[in-house]
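Take a look at this one chain, the form predicted alone, written out in structure tokens.
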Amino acid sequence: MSETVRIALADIDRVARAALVRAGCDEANAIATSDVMVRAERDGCASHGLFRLPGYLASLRSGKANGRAAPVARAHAPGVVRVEGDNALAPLAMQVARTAVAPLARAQGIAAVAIVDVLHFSALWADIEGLVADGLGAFCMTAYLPSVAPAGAKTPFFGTNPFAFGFPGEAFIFDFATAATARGEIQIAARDGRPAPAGAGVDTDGRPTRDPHAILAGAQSPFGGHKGSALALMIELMAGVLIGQPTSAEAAREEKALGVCDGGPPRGGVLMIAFDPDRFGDAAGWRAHAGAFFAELRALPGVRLPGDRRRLERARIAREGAAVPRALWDEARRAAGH
């Protein structure tokens, strides 16, 4: 198990920003990218926190990511916006996307934004939390690199293909990979010398295993078998084919052709859909209805809703600092020139 140290969130932000700038980011991109890592650490989501910094830096250093990109939103149809990312790290493009889609959703009830030519590596809940806090609902999804074997197969073809949904009022948000286990969790298990969760994946011969190294060499499994596999397929179509972006398999072939298999995020797209509950016919009643529904749900013995743990962690981690592996913290500080 890796030795950990407690680091204040402000220090993580300072070091991550400095490392990103040294690797080629301008201030706007560095601030946005550091912010999503700090928010993940704040919520106890280590697999999307500082753990992602080496991947971001690798993509900047290889030239795959444009650290000085200025993503631009363009109207594409009455209810559709397209954000041209210019190979940016995704966080800044996601800020542009939220700013563009929110007024459209309020005016029309629902709107979509296609974020293209970006490198997405962060937690999806961070991409929609601001919309939900402002009273909108949202969906968000993206593909990745081949890491998950479709149901019945043993060869990686789908990405981990995360999907997030948020509903206002109760500020309910869930965010999960369509793989049985997030890839970052398997990578952390491999780093820390512990087994992956049961059902996480198979080795190169297609045999179920809990050895994280064997899974990373073989394939992850979709959650729920054919159900998770179908959702992963849907995301390949919606965040890839629909918006003219690479599917997971295509992204891998592109990286190989360009010689930039650097361990960072691939170039691809994100699809975000925002909706305004006030425009769906029950503007006077949906908030009370949602409140009553969640109260009834939470009254069930033993129930725990997605996002509850994250929110509980915020106050504690803000006070105590985040637990970061010492080796990772030292690597980040070296990258920052500290």
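Nothing here was measured: the structure is a model prediction, and the numbers come from that model. Just count from 1 along the sequence shown to find any residue number.
This protein has a second form, the form predicted together with a further copy of the same chain, left out of what is shown; the following refers to that one.
K.L.:
Evaluate L233 for contact with a further copy of the same chain in the predicted bound form, applying a 4.5 angstroms cut-off between non-hydrogen atoms, and reply yes or no.
P.N.:
Heavy-atom contact with a further copy of the same chain at 4.5 Å: present for L233.
K.L.:
Looking in the predicted bound form, any heavy atom of A284 within 4.5 Å of a further copy of the same chain?
P.N.:
Looking in the predicted bound form, residue contacts with a further copy of the same chain do not include A284, since no heavy atom lies within 4.5 Å.
K.L.:
Hey, in the predicted bound form, is A198 touching a further copy of the same chain, heavy atoms inside 4.5 Å?
P.N.:
Close contact is absent here: in the predicted bound form, A198 is far from a further copy of the same chain, nothing within 4.5 Å, heavy atoms only.
K.L.:
Please tell me whether any heavy atom belonging to P78 falls inside 4.5 Å of a heavy atom of a further copy of the same chain, as the geometry stands in the predicted bound form.
P.N.:
So P78 counts as contacting a further copy of the same chain.
K.L.:
Between A217, C261, A133, L242, only one gets a heavy atom within 4.5 angstroms of a further copy of the same chain in the predicted bound form; which residue is that?
P.N.:
Partner contact (heavy atom, 4.5 Å) among the options: L242.
K.L.:
Among A28, V38, I273, A46, which has any heavy atom within 4.5 Å of a further copy of the same chain in the predicted bound form?
P.N.:
None of the others qualify; the residue that does is I273.
K.L.:
Among 207-215, 146-154, 125-133, 90-98, which stretch has residues whose heavy atoms lie within 4.5 Å of a further copy of the same chain in the predicted bound form?
P.N.:
In the other structure, the partner sits against 146-154.
K.L.:
Should the three residues I186, G269 and R333 be counted as contacting a further copy of the same chain in the predicted bound form, with contact defined as a heavy atom within 4.5 Å for each?
P.N.:
Checked in the predicted bound form: no contact with a further copy of the same chain for any of the three.
K.L.:
Can you name the residues of 169-185 that have a non-hydrogen atom within 4.5 angstroms of a further copy of the same chain in the predicted bound form?
P.N.:
Residues within 4.5 Å: F172, F174, F176, A177, A179, A180.
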